[in-house]
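Next up: a single chain in structure tokens, the form predicted on its own.
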């Protein structure tokens, strides 16, 4: 697979949110605004790239039976660094809004899944591109979802009022049910686009399912 394909697959074909259905907890919890989505996405992107690079570099010296604890230690190290950097330099309102979800990147199935499914089996260059593509795909999904919810809630985008006459907020969009509704509409739209594309190519499109096809992390005794 070429470098461009390694990078671009996470943006659409294997988008972690809209296709692989990973990282649903932060996706639904922090996307009440585009700013929150951007902050969470960038934090995850940095951890993905750095952890993928290190795990790829040490893959040859880590015994298979203890690889998962080692991966978690590597990921936790970069999550701690990102947490400290955000605490020092990110706007206080953003850091407080993301709250516990920054430390919880340690157990985010996107990060751990890419470490096991890709970085542990490929070179550093490809692993960095994989982390960058998946991170950008995750970030874009969160920003679009957060921006849509923010606009529908109060007519604003990135905390800038786009519709001055919008004086009454639509509170459903800032709540958990609103997140499920908007994400469901996004998934339906993406599936429809994929169905049309498959028909044009004379193929049958099967929507992605909630299973473990994309991650072997539970196979602790696997080869």
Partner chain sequence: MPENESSPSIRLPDPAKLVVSNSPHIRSGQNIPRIMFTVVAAMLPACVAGVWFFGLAALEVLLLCTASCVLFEELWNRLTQRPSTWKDGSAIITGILLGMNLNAGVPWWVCLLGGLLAIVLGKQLFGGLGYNPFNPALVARVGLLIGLPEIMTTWNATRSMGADVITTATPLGMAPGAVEIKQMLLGNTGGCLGETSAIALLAGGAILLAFKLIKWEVPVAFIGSVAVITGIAHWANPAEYHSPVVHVLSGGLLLGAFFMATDMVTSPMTRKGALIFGLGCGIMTSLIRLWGSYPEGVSFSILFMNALTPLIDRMTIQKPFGYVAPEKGKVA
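Residue numbers count along the first chain shown, from 1. The shown structure was predicted, so the numbers you read here are calculated from the model rather than taken from an experiment.
One more form of this protein exists, namely the form predicted in complex with its partner chain; it is left out here, but the text below deals with it.
Of the heavy atoms in residue 170, some are within 4.5 Å of its partner chain in the predicted bound form. In the predicted bound form, none of the heavy atoms of residue 187 sits within 4.5 Å of a heavy atom of its partner chain.
None of the heavy atoms of residue 191 is located within 4.5 Å of its partner chain in the predicted bound form.
None of the heavy atoms of residue 159 is located within 4.5 Å of its partner chain in the predicted bound form. Think of it this way: in the predicted bound form, its partner chain has a heavy atom of just one of 62, 198, 181, 57 within 4.5 Å, and the residue is 181. The stretch among 161-169, 23-31, 36-44, 49-57 whose residues place heavy atoms within 4.5 Å of its partner chain in the predicted bound form is 161-169.
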